[in-house]
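Take a look at the structure tokens below, where one protein chain is shown in two forms, each on its own, as structure 1 and structure 2.
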Structure 1
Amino acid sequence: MVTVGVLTAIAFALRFYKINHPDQVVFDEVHFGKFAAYYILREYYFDVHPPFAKLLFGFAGWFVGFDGHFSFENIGDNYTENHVPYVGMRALPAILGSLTVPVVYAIMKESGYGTVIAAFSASIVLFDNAHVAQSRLILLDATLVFFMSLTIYSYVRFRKLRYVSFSPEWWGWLLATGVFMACTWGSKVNGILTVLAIGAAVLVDLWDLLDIRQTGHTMDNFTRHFAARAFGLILVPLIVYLSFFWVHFAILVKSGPGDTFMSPQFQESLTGNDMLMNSHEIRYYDTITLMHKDTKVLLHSHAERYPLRYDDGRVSSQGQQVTGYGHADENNWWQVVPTKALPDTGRGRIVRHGDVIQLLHVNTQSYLLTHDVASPLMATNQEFTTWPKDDYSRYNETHFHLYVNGAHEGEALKTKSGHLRLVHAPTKVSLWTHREQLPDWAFKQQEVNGEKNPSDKGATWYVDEIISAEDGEDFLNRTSASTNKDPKPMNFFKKFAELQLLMLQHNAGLTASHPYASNPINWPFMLSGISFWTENADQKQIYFIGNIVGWWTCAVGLSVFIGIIGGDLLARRREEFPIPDPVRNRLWNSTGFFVLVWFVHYFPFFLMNRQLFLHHYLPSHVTSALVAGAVLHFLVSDTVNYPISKRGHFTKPKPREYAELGLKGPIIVGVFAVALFAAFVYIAPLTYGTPGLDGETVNAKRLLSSWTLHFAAKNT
């Protein structure tokens, strides 16, 4: 008790030390501070991470009286000048980060290791510069790590009750695991890895329950276990996870910067949304402009023609150019012409999903057309051009099917909200464009061509505005009876599904290179860190990097574990049994579980193409600290505390054993803790961003040559 109290106290001290410094926006506080402000203003925003941790920040901000009117625009913006109660917001991750330390200690104790070993693992996290740096700022990782360690703790407690299944206690820890798992997942996208790790452990557990050689493992028993876990570890977390989004949507009811990511239907559920306010039906013979959804250019044409021969030797049709143009211009005006008979008045004149239309370029009085001629830049796509209005020789080739995305039969096309595709009737290509400029002969405008792939995302357009109606009537008010400017409610599950899908897509799309992004293979050895913040005047900087003693110990611990397991397997294959059974079981079941969690939180990053940072390793680092403790125990002692699981009615009583660490255990851990603390203090100026360092000191602090610190003295 004393030990854990002391550890927790030191943890709080280290994480709250000078928490008000720097009084500037640091690194990703740009994002997460901003999101907290949006919660307070109730304006809709979009982010790739689930909302739980950000909701906590929003709550913390609201609690300490932040009014949301500071926008966290740039790294280095000053908080004090703008009266932002940032210390309160930073206190939240600092508290959670500090509490991670006793949780790590508790995991080790519950797993049957002695106080000394538990303190060893806890101190690796306690004196870690990376965890401290991450916990002192408005960032999501402290929350993630805290809930992840709570999940592990709950699962360990749950496993220890396996001989008294279905007792109230057993249910309690099962549900706790599920709830904490959902909180981890709800904090950050990569929390899903915790779900996978627990899932893998549960599968192994279920596999053992299926084993007929164990007594009492009937099929009926298995089904009950399976159902209980499905309820506690799938259904409950899902409900908790969904409830975060429910709160998210319930708070964010106003239109905000996230609108444009969402579907028109979603946008119309937000108060004050542009689309909601300015969406009109279109009638035939209206003059409109067509905007490309992804690249925001308008469909454009002008009297100039395609050159006969391009630079690469291919020839064109020499027809009138059709391009994409980013600015308002009369040459963007197109008239919607019907291909069927229309009634003189009334709703029969409305343009609808599935109609076949012609588009008349108003200034040159010619129809949009595409044909089997390769486009200027892409030999695989068709060229678009126009054809004079009164020449009927190619009438059929000017027909386009108009498809509105997600529309039902006969739904009317609306400006802004109706995302549409124009599919050429004879050749089935879609009107398409991409960010490629045509050469000088087309004034560097964007190339427009016909894409054969009918589902390509780049083929989505919408009607930006109605310029005028044919008979000059007031097109804004002709449908006034049917317009309704109140937000249209949308089903929560639809909203959730849409947002979740977008989050995944955008997460995968974060592939731009970043100067401090790193490859996962570097992480266990922390070959490179991240520069969070710098201040030139005093040569202060925050450089995110771990405690080199702690991290390398963890890496060694993992390698030793793999060595022991490999040696044991080989020896057993030759029918030699060097490790006594209780010790071996502890190695496989307890330490093996930690290694599994480490692996699941680490390895998937190798498969990701998005930009990755050292802080993605933090959850794995915590588990590797657990592994290091277990391995240390194995090395200094031949015995384990045994048994540690609660005995059930049918389990045989076993003689109690206690691990004997002798004197060398505490000595090793003591010496190690001192080394750890020394390394921590040495790097501390980079973690706390104070005091400023001169060039020589910076050079001295650069323990690995791959660290890119600022203000380093030039070596001459």
Structure 2
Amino acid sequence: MVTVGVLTAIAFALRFYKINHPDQVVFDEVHFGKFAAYYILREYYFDVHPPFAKLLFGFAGWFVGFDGHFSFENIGDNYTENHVPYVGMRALPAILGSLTVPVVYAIMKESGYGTVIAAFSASIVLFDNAHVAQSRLILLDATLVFFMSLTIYSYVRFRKLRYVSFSPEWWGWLLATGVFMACTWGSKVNGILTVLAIGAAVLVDLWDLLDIRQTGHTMDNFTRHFAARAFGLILVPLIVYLSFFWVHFAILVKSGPGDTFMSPQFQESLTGNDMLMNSHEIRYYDTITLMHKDTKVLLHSHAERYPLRYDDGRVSSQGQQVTGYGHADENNWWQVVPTKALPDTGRGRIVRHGDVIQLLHVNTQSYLLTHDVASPLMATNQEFTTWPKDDYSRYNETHFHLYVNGAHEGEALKTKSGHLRLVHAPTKVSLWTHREQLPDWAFKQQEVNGEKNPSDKGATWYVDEIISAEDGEDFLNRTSASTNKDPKPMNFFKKFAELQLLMLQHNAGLTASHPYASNPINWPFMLSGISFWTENADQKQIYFIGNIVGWWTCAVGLSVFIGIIGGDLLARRREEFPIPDPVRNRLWNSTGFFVLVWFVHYFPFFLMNRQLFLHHYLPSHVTSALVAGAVLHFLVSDTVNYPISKRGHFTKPKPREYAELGLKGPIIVGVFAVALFAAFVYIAPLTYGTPGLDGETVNAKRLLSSWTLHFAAKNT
């Protein structure tokens, strides 16, 4: 208890040291601090990560008196000047980051390793600059790593009770594993990797339970175990995970910056939303503006025509240009014209889902048209143009099917809330646009063309505004200011499913380049870090990088483990048994489990085509510290603490053995801890952002030439 108490006290000291510096927004605090503010204001926002960790930040902010009115707009914005209780908000990840250290210690102890080895693994996390930097700021990773560690700890405790299955203690640790796993999953999107890691371990466990050669391994017994794990590790985590979103939706009931990401139905469930307050039915002969959902340009046309030849030699129709324009203009006005006879008055004049319509460009009195001519910028897509109103020779080519997304048959089209697709009746292409601009002959406006995939998400538009209507009095009634409209209810599971899909899509879409993005192959060796914050006046900076002694030791530990396992397998092929069975079992079952968790949290990043950063490796770094401790134990001792699992009623008693490290174990760990601490202190100015460093000192702190530090002196 003394050892873990000292480790925990040091962890708190290192993570709370100068936690008030800098008193400015740092790195991704611009996002996660802002999200905490939205919870306090109850305004809806959108983010690619699940809400649990952000809910904790919202609670922490509320608890310390934050009113939510600081916007966290830019890195460097001052907290003190704006009276933001930021220290209280930063204290949450600092507490969780500090508690991760004793959890790592406890994992090693419960896995059968002695105090010295457990302290070794805990010290790697304790004195790691990357974990300290991440834990002192309003960021998600400290929460993710803490609950991942608790998940591993709970699963180790659960596995140690395998001989007393279905006892109250067994159920308790099974359920604890499920709950902590859900908290990890709910903290950050890559928390799903913890679910996969535990799932893989459970599959190995179930495979063992299928072994008919083992006493009591009947199919009835297997079925009971399978059902228990399905309940504790699938159903319970799913319920807990869903509960985070239920609370998320219950708090965020007001219209906010995240509205536009969501469907019209979702938006109309939010108090004060523009769609809810200003959604009006469209009627034939209304003059409207059409806005593209993603790029926010308005469908536009003007008298200028496409050039006869484009730069690549292709020929156009020389028709009237149809483009996307981002500003209010009378050339954005289109009248909705029916293609069949209408009643003089009444509901029959409303534009509905599934109708076939024409769009008349008001200023040039010509109908929207597309035809089998290549568009200016995309040879595979069709050109959009217009055709004179009084020329009926191409009448059928001006017909478009109007489909309202998610609408039932005959549902009315409304402004704002009616996301629609216009599909050309003869050629089946959709009205579509993208962000690429046309040349000077089209005034650098956005290209509009016909997309052959009618369901492409870039083909979604909505009616932004009604400009005028045939019946002036009816127009005024429909478009008068709306007051106190109650939000429309929406089923929780529909909200959840919609948000989950958007989270996946937007997370996969984070592909833009970033100066501090890095490749996963570099992470175990810390070849590059991330600049979190700089202050030019005093040459201060926070540079996210780990403790080089600890990280490289972990990399060596993983390599040595692979070498040991490979050597053991080769020896056994020659019927040589160099490793005693208790030691070998510990290597395969305990260290192997740690390696499995490390691998599952690391390898998937090689398959991701999105922005990746060094901090994505932090969960794997913690598990590699566990591996390093286990490997060190193997190298300094040929004995283990055995057995460590609780004996069942029908389990044969086994003689107890204790690991012997001798003096070399404590000496190695002591020397290593000193080296860790020295490396930590040396890099500490980059971790804490103080004191400021001159150029020569910055160069000295750059332990690897690939680190891109600010304020470095030029080499002469």
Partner chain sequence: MAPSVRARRPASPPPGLPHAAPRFPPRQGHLDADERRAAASLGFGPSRKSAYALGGFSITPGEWKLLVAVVIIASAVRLFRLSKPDSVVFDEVHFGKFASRYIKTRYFVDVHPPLAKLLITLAAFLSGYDGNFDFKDIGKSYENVPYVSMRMLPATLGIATVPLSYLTLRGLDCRATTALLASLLITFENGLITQSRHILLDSPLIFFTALATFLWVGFCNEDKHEPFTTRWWSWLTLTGLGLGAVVSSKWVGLFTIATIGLGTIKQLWVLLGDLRVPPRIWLKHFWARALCLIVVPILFYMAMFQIHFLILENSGEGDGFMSAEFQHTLGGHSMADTYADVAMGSKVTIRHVNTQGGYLHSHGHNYPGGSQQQQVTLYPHQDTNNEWRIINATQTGDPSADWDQLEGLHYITTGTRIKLRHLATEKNLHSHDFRPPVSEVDFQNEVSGYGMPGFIGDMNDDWFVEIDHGDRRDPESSRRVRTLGSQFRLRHALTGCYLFSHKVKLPSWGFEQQEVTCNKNAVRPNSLWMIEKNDHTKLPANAPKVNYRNPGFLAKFWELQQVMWTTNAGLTDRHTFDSRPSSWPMLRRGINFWVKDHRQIYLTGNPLVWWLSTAAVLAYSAIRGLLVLRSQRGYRDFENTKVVKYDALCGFLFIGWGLHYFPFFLMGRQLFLHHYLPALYFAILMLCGVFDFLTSTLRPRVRLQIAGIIILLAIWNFSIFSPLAYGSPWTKSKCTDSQWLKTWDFSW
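Residue positions are counted from 1 along structure 1's sequence. This is a predicted model, so every value here is computed, not measured. Rigid core here is just the name for the largest C-alpha set that superposes within 1.5 Å across the two forms.
Each of the two structures shows the same chain on its own, and it is structure 2 that derives from the form predicted alone. Fitting the two forms on the rigid core leaves the C-alpha of residue 581 displaced by under 2 angstroms between structure 1 and structure 2.
Once both forms are fitted on their rigid core, the CA atom of residue 162 lies less than 2 Å apart between structure 1 and structure 2. Once you line up the core between structure 1 and structure 2, the Cα of residue 506 stays within less than 2 Å of where it was. Taking the core as reference, the C-alpha deviation of residue 306 between structure 1 and structure 2 is 2.4 Å.
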